[in-house]
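Only one chain comes next, encoded as structure tokens, the form predicted alone.
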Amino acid sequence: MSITGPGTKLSGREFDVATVRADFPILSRKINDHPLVYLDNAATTQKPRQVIDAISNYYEQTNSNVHRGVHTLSIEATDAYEVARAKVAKFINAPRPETVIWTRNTSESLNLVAATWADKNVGEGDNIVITAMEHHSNIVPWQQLAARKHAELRYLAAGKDGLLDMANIESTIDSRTKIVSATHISNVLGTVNPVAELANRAHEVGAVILIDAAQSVPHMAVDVQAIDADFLCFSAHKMLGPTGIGVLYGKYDLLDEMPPFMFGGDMILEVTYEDAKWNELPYKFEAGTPNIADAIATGVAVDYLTDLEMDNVWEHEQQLTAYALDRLTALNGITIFGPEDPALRGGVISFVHDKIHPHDLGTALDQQGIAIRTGHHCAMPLIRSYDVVAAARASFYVYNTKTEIDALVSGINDTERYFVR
């Protein structure tokens, strides 16, 4: 069922959810004799047939290593691999393809910047600023770096309303700040953070900004030049692509000055028995045989989202989120974390029931074919700041519908009748 009805206009072109859903083979599955209702998209998204076929096609028709051969298969694989990089660059409006580095995932991209640029530029007495709503991948590397460098790790606070407290931004991001690293959209609260404002403040004091865009690039139009991001990273598997492939974008001059993250084949220009010289960008950061098939498939995922148009994707999710907030807030015993205004959040809703543990709720919903996330969502400090140890989370994407949200609400009601007597 379409959230708007077949053929309804969203942002200038038709967006028919039924047509979209037909591209995803897994959505025809039944779980425990119920139609699958997949609402765990913040963890990973499902894959359209086009992406699945791209992986198969590579191994069936083009399988070869890249950048190293003059034979037909190697040339074809290299061309497809680099075309995918160019697609990603265009998707985020990077000024040149070589500023797009292939990594394994967002976590590796964050660690790459911490281990290279930050390790080189952060010293004793300096500070690193992150927000209180970060994923563990954007907390732990900075904790480790701060301890190693005798630097200070500072947090921009988040209020109980789910919004960043920007009142103290000038005292928190100061002349000793070297890097600000912030999530664009919280994977727990759904909050859309003012990353352009954070970037502006970082640049005022001579710092750089790194943006964790794992929850934004898949869902909304993101322009790295408009934000003035120094670094930005995301994962393909959260945007219809395969697992095991991610992206780090960086400004060319910053990447060019950074030391390599790993050493090995293809990241070198010349090696002698005494020393080595590094390859040019982006290959300096892509040691060894890369994840060729999944990079190519990521390009196909970008094609799919580009064809849908990101304004349509965002508007679709905004409508779903507003509808879900209305339905869930009408239930007894439910507390929702994050901004009340759906315009201030992405398609992520974390909540707790006052009488049902999130894990029990998640298990009961699974018996009805409904997949949600439960736990601390790799954001344990943030979850604990709400005086809970776990939460349930429903998250939406291009193939979800209002009917599925109705199924979620009905499932919660059924679970409550079982647990609350």
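What you see is a predicted model; the values in this text were computed from it and never measured. Residue numbers run from 1 along the displayed sequence.
There is another form of this protein, the form predicted together with a small molecule, and it is not shown here; the text below is about that form.
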Note: the small molecule not shown here; in the model of the complex, the stretch from 72-80, 100-108, 256-264, 155-163 having heavy atoms within 4.5 Å of it is 100-108
Residue among R345, R85, H316, K238 with a heavy atom within 4.5 Å of the small molecule in the model of the complex = K238
None of I26, M380, V388, A43 but one has a heavy atom within 4.5 Å of the small molecule in the model of the complex; the exception is A43
Taking the shortest heavy atom distance, is A214 within 4.5 Å of the small molecule in the model of the complex?
-> yes
If you check in the model of the complex, is S137 within 4.5 Å of the small molecule, heavy atoms only?
-> yes
Mark R373 yes when one of its heavy atoms lies within 4.5 Å of a heavy atom of the small molecule in the model of the complex, and no otherwise.
-> yes
The small molecule contact in the model of the complex: T183, any heavy atom under 4.5 Å | yes
